[in-house]
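So this first bit is one chain, no partners, the form predicted on its own, shown in structure tokens.
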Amino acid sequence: MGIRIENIRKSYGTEQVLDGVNLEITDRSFFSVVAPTGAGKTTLLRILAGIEAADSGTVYYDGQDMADVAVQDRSVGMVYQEFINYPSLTVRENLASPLEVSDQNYSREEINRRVEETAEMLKIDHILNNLPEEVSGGEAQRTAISRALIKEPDYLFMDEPLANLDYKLREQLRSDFERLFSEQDTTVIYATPQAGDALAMSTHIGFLHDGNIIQDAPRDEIYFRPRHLPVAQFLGEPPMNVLSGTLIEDRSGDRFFELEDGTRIVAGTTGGSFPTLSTDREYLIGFRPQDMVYLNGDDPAEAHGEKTVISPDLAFVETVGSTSTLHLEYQGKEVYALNTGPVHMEAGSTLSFSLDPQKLYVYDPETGDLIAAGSKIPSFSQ
């Protein structure tokens, strides 16, 4: 059944951190709680694990109210941002310590077996005789995760465990976590401010905003169908581009989103892409950086129909590996585009990109709610 929470509230003094959170986390899922730093992710994890008490509300494990169940009596493990290992014990002794103090009275043979199996699973079997100070940062964090996993908990809570690692180690552990937890019966609840971490590893994601989980869904659904603007703008690397435009219709029935500078983006006919939208009304138009198609000299804007083209100015290019992120300025806002392969362009250049109207998102400027999406964006049953 998993974990279910109802109407969880938590304040520190006059600051309301959690404001009536409701959430269900299914068994054997990798559920990421995503939000900017300071939004209450750690507080929510600590309440779920039983380390901290909520002001009000209820936490259920498999349908059982956990209000009177101490954390040491729950089948949980906890991994923190800091590498918490016993410095005077070897890695082997660190892994064995949770079993040695358990009231389950594990035999020495069982402890040794679990240590060896867990170390091999986390790829630290070659450092079992080392002290924590003698291993790398990634190995130290793997040791901390192994200590949490060795008791085979039903629920593993991980609070930004990759935060203190360099880029290469983060990438390695991302892939390792995805592989490891797909093979385990443990349910993982993972807190992170990094959208990339959540999108790389999770089966499900919940977005925490203003004290509430405003959307939780399977990973692909929350990415392709972000129901609220804060989710859309946060869950992406780089984030979704959003521009303001007014929907207009000409005499022939063609519809366009007219932007502030007069640029028009095709919106189909009355019965086409966005038939439910009212004309002469302002909307927020969202589009992903990877859906911006750069028009070079061999691919002129006219070939795409000039009404589907925007022309921002290049601020700078950020290249990582084989992908370049173009940081652009348009209508006083920063806009992003992705390009496969290195890009060598001069800052200040005006570039042209075509947009596919079937890949647009339309949000209500007052509520920030998704009200329409192009036909090429995957849909999901509600």
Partner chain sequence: MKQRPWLFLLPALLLVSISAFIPLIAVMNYSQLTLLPGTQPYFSGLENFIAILEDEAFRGALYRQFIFSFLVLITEIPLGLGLAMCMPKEGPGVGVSLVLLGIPLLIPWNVVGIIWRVFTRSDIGVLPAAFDWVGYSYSVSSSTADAWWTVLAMDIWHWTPLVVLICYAGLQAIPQEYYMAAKIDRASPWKTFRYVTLPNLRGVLIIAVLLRLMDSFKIYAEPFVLTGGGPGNSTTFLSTYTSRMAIGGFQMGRGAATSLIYFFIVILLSFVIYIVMLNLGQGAGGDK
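Numbering follows the first chain given and starts at 1. Only a predicted model underlies this, so the values are computations on that prediction, with no experimental measurement involved.
Omitted from view is the form predicted in complex with its partner chain, to which the following refers.
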Run the contact test on Arg219, Lys333 and Ala373 with a 4.5 Å heavy atom cut-off to its partner chain in the predicted complex and return yes or no. no
Residue contact check: Gly211 to its partner chain in the predicted complex, 4.5 Å heavy atom: no
Is there any non-hydrogen atom of Pro87 lying within 4.5 Å of its partner chain in the predicted complex? yes
Using heavy atoms and a 4.5 Å limit, would one call Asp103 a contact residue for its partner chain in the predicted complex? yes
Taking the shortest heavy atom distance, is Leu277 within 4.5 Å of its partner chain in the predicted complex? no
Using a 4.5 Å heavy atom cut-off, which of 117-125, 163-171, 308-316, 69-77 contacts its partner chain in the predicted complex? 69-77
Please identify the residue among Pro98, Gly245, Gly236, Gly138 with any heavy atom within 4.5 Å of its partner chain in the predicted complex. Pro98
Of Glu93, Glu282, Asp254, Glu152, which one comes within 4.5 Å of its partner chain in the predicted complex, counting heavy atoms only? Glu93
Contact check, 41-59 vs its partner chain in the predicted complex, heavy atom within 4.5 Å, ordered by sequence, gives Arg46, Ile51
